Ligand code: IMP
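Given as C-alpha cells, the chain that follows is alone and in the form predicted on its own.
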C-alpha cells in the first residue's frame, strides 16, 4: 500500500517517512507542487483541506495523508496556533516564525511559559475521510537553543526534559512527539482499509 504525503515540508516528510518507511511518497514525486489555501480555523480542517486537494488529483485508489500542526502558547492567547507556519508573514521561513514568537514573549517579559504542539493527521481515500490528533506539552522560552529539529523546536522544552527539542537528539523527539502520537492513531485506520473493513 502506497501512502502519498500531502506536503512538501522537508521536516514533515522526514518525520513521517521515518515513521512509515519506504511506502511513503511526497506528492511532489507524483505531480507538480501547487498552492493550497489553508483557510480552516482548526488544525483538523486544514489537514482535511490539504489531503482532499491532493487526493482529487490522484487515482481513486490512492491513500493521501496530510498533517497540519503548530504550537500554541496560552499566555499569548493561543498564538500562533493554526497560523504557526505563517506567523511572521505568508511565506515566512521557520527562522522568521521562531524569532517572531521569541519577540512576542520578550514584549511581555515572559522568559518561560507553558505551550503545546498539536498535530492533526487527515487521511483521505476512496473509503472516506478520517482525522486523528496528537499533542506534546512543555514550555517555550525566549531564546533559541540548539540546531536540531525544525520550526519552533529550538525554543520548546518538552515535559520531563531540561533541554529544547533543538538540543535533543531527533530519535528522542520521535518517541513522543505530537506527530508520532497522531500517526500511531492513524495506523489502525489504515489497517482496516487494507483489510476492507471500512
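Numbering follows the first chain given and starts at 1. Note that the structure is predicted; figures quoted are calculated from it, not measured.
One more form of this protein, predicted together with the ligand, exists but is not displayed; see below.
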item	value
Location of the ligand contact in the predicted bound form, chosen stretch of 126-134, 26-34, 51-59, 148-156 [non-hydrogen atom, 4.5 Å]	148-156
All of 9, 117 and 178 within 4.5 Å of the ligand in the predicted bound form, heavy atom check	yes
The ligand contact in the predicted bound form: residue 88, any heavy atom under 4.5 Å	no
Contact of residue 70 with the ligand in the predicted bound form (heavy atom, 4.5 Å)	yes
Contact flag, residue 142 vs the ligand in the predicted bound form, heavy atom cut 4.5 Å	no
Interface membership of residue 104, the ligand in the predicted bound form, 4.5 Å heavy atom rule	no
Within 160-176, the residues that have a heavy atom no more than 4.5 Å from the ligand in the predicted bound form	173
